[in-house]
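Next comes just one chain, in structure tokens: the form predicted alone.
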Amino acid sequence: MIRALLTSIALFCIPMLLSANDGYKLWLQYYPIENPQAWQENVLKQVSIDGNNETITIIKNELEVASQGFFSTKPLFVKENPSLLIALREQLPSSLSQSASKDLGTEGYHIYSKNGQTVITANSKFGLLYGTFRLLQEIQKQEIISETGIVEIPKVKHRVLNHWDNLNRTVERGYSGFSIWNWHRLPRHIDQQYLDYARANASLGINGTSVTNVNANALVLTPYYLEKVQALADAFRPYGIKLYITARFSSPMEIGGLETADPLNKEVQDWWKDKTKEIYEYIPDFGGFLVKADSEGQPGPHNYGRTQAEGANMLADAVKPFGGIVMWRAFVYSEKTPDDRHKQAYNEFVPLDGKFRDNVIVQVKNGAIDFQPREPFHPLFGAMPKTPLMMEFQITQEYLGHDTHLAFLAPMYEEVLKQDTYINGKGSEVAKVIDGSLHDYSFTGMAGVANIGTDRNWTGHHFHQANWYAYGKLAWNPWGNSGEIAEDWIKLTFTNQKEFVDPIKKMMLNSHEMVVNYMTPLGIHHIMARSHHYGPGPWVTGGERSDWTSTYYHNASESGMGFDRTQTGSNALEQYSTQLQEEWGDLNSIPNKYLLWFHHLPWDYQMNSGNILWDEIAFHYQKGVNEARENVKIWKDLQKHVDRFRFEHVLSFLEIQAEEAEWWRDAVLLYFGQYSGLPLPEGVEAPKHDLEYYMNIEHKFVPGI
């Protein structure tokens, strides 16, 4: 009886499992196209592509998979009269050649139609790969390629994912399962997920990956692990992805047997040169080192009275003969609490401008504190004209609700990138620092802290795939538009149907602001729970460092709240241009979103809206809750457009988010309310519990610590 029942259940489940979409395909769904246009159906019928290398094989495989998904047919690979010609520019027949608008460089591509044929051309096999993915995306979106075609050239040279993955497969600030790198099986087994990972990145133009945590383990530099890293590098290479390693500054002592790691010590310098030579013997195209030093307990040049430039230059000299680079993180702060964390990286690095080797790029977080839901742009951007700077965004949502809170981050990235620094007058946007045009950098880069794990859909929340996607698009072009990125992702991942695309696009574009509203509106920041940063913790105080507490940042008392960073306070505002000092220092002109970041104000301060500060704070928290609830309704109304598996998964996460938005609102308003002494304004719901209840919530074993 039991066996018969189990058999019946299994037979019932088979068709459901076969039809389930678990999200593993990401934005490479290649779902069937209903009523395709003639050019779409014809373009993949007969394909000509010359070459005999792994990248060309990948291109052919991609065309087959896509054509099978779109039209249930496979392309015929031919030598003559193709409907699609994929060729290097130097190999194009004169009858099909067409001058691109500008030089394509080593990674750019040109897609166009001529004489009834579609052409993808580039100067390299990787340009052809990127162009192929772009053509397939246009087919999936059912877009028509214009007569002039599509010319795309990356504006940033090094487009890198930073994995904060540990060798034991835990992931620091990772909320989507364990690390996908199974070091125990490497190098003897290359998991299919490694190749699918490389494929997904190539589809976005990401060309580098650092596979280990910035809180580095020196063991990764030993032969035991280098042969494993080599296997990953070999797997990634055909997709145009270089591999980088995080270097622990104290490695010469920990695995080299030296008594010091002083960067000016010749034995130390020689050790790094020998170690680097060894790495390149394993990986001839090794990208170089990513380094976190003198931060949060990590060793660094400070231990020996040396500067960040002296530490970075030692490693730069080691990789220079092999064409390697050093990405040196600017997230550096003293073991002692400074007068304002906001100021420290600027004070540390600006005096070193021009003192770094030419193969060092300083990696700067988007804001000066630590990946808050919203921060003003980091004052280092524009302040080091002689030193290339690369942007570091966090894709994983350490301070944004972890994996269950929908927060489409492209608007946040765009807000930072398009902010004018005014360093060289109006028109000195952060994006111009990143693409090199502001200071004529030829060495450019962008890094994203990955949100990838062993969850079947890669990112926990299905919609968090969009943040990986958006990062890749903005790393390629920092001037990209959030709305276009969101719409493209929706069409590639779900459907082209307008009745689904339009409301989901609006929901995504509003989601970051929604999270800011119910977590940290009006410039409030760093009020998350201690350590794991999951949930509210405005009461967090005490411990070994005051700048690891909430009370350090919000300064709430009966007199008001906020961090005074004007001349009457820490004067961190002085690190920005005169234009921004005047705008953000003036209560009449500062945007509300930065108000309490730079000013300490009384609870009854009169806002431009006509509300007092306390009421304005409360209204923002309620607005965030209302929006989270509304998203649940929007998603339910669109059920018919989504497969059951993804619909149910996303719905459960949206319901968690709405519930936790209430938790945030109630806990924070109760805490600050004890100082304001004011009632909640009409329209803001009363908390469900008292403050003690919320302060006593203690979540066990929160992922990602």
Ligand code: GCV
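Sequential numbering from 1, following the sequence displayed. Here the structure is a predicted model, which means the values were calculated and not measured.
Omitted from view is the form predicted in complex with this ligand, to which the following refers.
Peer 1: Given that the partner is absent here, does Thr170 sit within 4.5 Å of this ligand in the predicted bound form, heavy atoms only?
Peer 2: Because no heavy atom of Thr170 falls inside 4.5 Å of this ligand in the predicted bound form, the answer is no.
Peer 1: Would Glu398 sit within 4.5 Å of this ligand in the predicted bound form, counting heavy atoms only?
Peer 2: Within the cut-off, so yes.
Peer 1: I'd like to check something about His378: if you look in the predicted bound form, is any of its heavy atoms closer than or equal to 4.5 Å to a heavy atom of this ligand?
Peer 2: Close contact is absent here: in the predicted bound form, His378 is far from this ligand, nothing within 4.5 Å, heavy atoms only.
Peer 1: Is Asn215 one of the residues lying within 4.5 Å of this ligand in the predicted bound form, judged by heavy atom distances?
Peer 2: Contact with this ligand, yes.
Peer 1: Counting non-hydrogen atoms within 4.5 angstroms of this ligand in the predicted bound form, say which of Phe393, Phe286, Trp164, Phe236 makes the cut.
Peer 2: It is Trp164.
Peer 1: His158, Lys228, Lys473, Lys365: which sits within 4.5 Å of this ligand in the predicted bound form by any heavy atom?
Peer 2: Contact check passes for Lys365.
Peer 1: Which one, 380-388, 425-433, 261-269, 398-406, holds residues whose non-hydrogen atoms are within 4.5 Å of this ligand in the predicted bound form?
Peer 2: Careful reading of the contacts points to 398-406.
Peer 1: In sequence order, which positions of 531-548 have a non-hydrogen atom within 4.5 Å of this ligand in the predicted bound form?
Peer 2: Stretch hits: a single one, His533.
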